[in-house]
Each structure stands twice: as structure tokens, then as C-alpha cells.
Ligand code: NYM
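In C-alpha cells, the next block holds one chain alone, the form predicted alone.
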């Protein structure tokens, strides 16, 4: 005897199938927004990496050619359409900078620790503005920075870690270009000896402390090369660094643990 399902049972079975299809459709529809949310998170992370300008520092002994090369570099970058500014430390236009200028030109006397802290204060005066400019996409070409302050003060006999301490937390350069020259070669260049620190034996000590401050951001260039050759080497390094910063390299703090 063949049992025929009752009408009520058939209706129940059809309802179950419709329910199953509806649930499956609902499940499939749920997968798409979840997938979108993961993609959105990835996009958000990408957007957090903001394009910015690069912080480029030129360092070296007195008369190594920093100021000349800084000027050439700024003119070149301007010429090819980059937003760029030329900075220099000490900044002698501020109140602190004027005190430093008087000291450097031998018009005043200060304790070695006091003048070191003034140099550091001069950099802190500009820290916020420096960060604002970088975030606006402006590349900063800086003639001397914290490394000079530490190297010169350490050469006077101050403890190197004590010298670094006041500058901890300043913006870390993306690239440090060190123009390498001996004090003897530097002394042959025009204007040498006009300021307090331009003495050969003292400059030798400064060079030794510069070596202790080198880190992976440093690039060493032979400053005895022809001016045009030095300029080309600097350009290549700087353009690579600017490109990296445009891709969203984070701004770091100097000597942060």
C-alpha cells in the first residue's frame, strides 16, 4: 500500500525548502558586507600613511661645503617642482639665536653647558613649525642639526650622553648627508678661522665625535670631490628619500629609545 503525503505535510515540506533557500540566500548576502569591511580596513590603513615632505640634514666640519651645497640643492628641487625650504641651525633670527650668534663671534662668553643648552633650545623653538611644514608636504633642507651640537660640545669635554639628552624628542631626520673633509683641507678654504670653533685641533676632535653619532640614516660623501660631483651625489640621495616620504614614511623622534 502506497502512502501519499497529506496536503498539510506537503505544505510543511515546501515551507521548509523555501525557508532553507531564504536562509542560504541570507547567508550568502552576509558574506559580501563582511568581505567589504576587511577591504575597508585595509584601505583605511593605507590612508593613514600620509604623504609628507622629507627632513634632510647636511652635517660636517666647518668649511666642508654644507651651506653651498644646501643652496644648490634647494634651487634644484625648486626647479623641478618640489615644495622645499632652506633651514639653518643655529637660527640666528630668534632671541636665543641672537645670544648664540654673539657667542660664536666671540662677543660674549658663556659656560660650555649653558651654550650647549642654548643651541638645543634654538632647535626646540622651531620643532613645531618644522613638523607642520613636513606634514604640509614641504621638504626641509637643514644646514646643521642636533649632531653638530653634540659633536662640538663633546669635543670640549662634555659627556656625549649628557649632550644628547636635551634633544631627545626632536624630529629625527630622514636622511643625514655628512660631507667628509679633513680639518687640514677645510682650513685651506676661504674665510676659515673667522668664528670661535674654526681651529684645526678642535675640529679633529669634532670629527671623532661625529663618527660616534653615525646611524643608518647617514650617507657619507667625500667633500674633496669637485663641487658638481658632490652636488650630483646629493641630488640622487635626496630624490630617493623624498619619494620614500611621499609614500607615507612616519615621522620619527630623535634618539627615542
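Residue numbers count along the first chain shown, from 1. As the structure is a computational prediction, the values presented were derived from the model and not from experiment.
What comes next is about the form predicted in complex with the ligand, which is not displayed.
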| property | result |
| --- | --- |
| Contact segment among 125-133, 172-180, 82-90, 105-113, judged by heavy atoms lying within 4.5 Å of the ligand in the predicted complex | 82-90 |
| 4.5 angstroms heavy atom contact with the ligand in the predicted complex for residue 195 | yes |
| Distance check, residue 52 to the ligand in the predicted complex, heavy atom within 4.5 Å | no |
| Distance check, residue 144 to the ligand in the predicted complex, heavy atom within 4.5 Å | yes |
